[in-house]
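Have a look below at one chain only, the form predicted on its own, in structure tokens format.
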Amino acid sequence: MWADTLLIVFISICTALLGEGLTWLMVYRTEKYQKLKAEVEKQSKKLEKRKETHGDSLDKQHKKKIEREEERLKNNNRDLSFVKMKSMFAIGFAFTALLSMFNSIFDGRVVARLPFLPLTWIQGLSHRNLPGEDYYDCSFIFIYILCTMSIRQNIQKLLGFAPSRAASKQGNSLFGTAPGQFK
């Protein structure tokens, strides 16, 4: 069981590195991505500085300026997400094929024993394709998903592809902070 668990962690590290390599080839090294990322970083820092400078005592003119900057930042974040989107489809397709292959290899095998009883709505995933009713037993897919989620984030930080703290504070996503939240 330990060998299977360690193998799944290794597979997760390899697929995360493969995913980041493909993303680098298709997105991170392009001029458009680098330009947009630099613009988002610059706008995030400028907006954060402006909010710190003026604090809560904002008059109408300053509020409008901040709202315009937030709107520009939101648009650039959206453009950045769309640039990343093409690689996400390619990676998703490749990972689906890999996942189905690995899932067939580990089908019906208990790869770990959980120290807790998963929530009812997670038990279907954690006990997927396993015989018996012992929900402490864990299947490949559950461990793989948990490992991939945590490992890929850390690899992005290690390789310098994760968004900066300033951009993250401003809501560096398609569903970021609302432009008028400081009214």
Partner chain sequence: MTTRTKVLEKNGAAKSSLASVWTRAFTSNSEWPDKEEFLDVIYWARQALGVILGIIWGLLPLKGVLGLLLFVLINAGAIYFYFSNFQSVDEDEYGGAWELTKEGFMTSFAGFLVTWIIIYSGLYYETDKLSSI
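Numbering follows the first chain given and starts at 1. Every value quoted in this text rests on a predicted model; they were computed, and no experiment measured them.
The following text describes the form predicted together with its partner chain, which does not appear among the structures shown.
- Using a 4.5 angstroms heavy atom cutoff to its partner chain in the model of the complex, none of 40, 70 and 82 count as contacting.
- The closest non-hydrogen atom of residue 52 lies within 4.5 Å of its partner chain in the model of the complex.
- Shown alone here, residue 154 lies within 4.5 Å of its partner chain in the model of the complex, counting heavy atoms only.
- Among heavy atoms of residue 9, some come within 4.5 Å of its partner chain in the model of the complex.
- Residue 112 belongs to the set of residues with a heavy atom inside 4.5 Å of its partner chain in the model of the complex.
- Interface residue among 27, 141, 66, 147, judged by heavy atoms within 4.5 Å of its partner chain in the model of the complex: 147.
- Scanning 1-20 for heavy atoms within 4.5 Å of its partner chain in the model of the complex gives 1, 2, 5, 6, 9 in sequence order.
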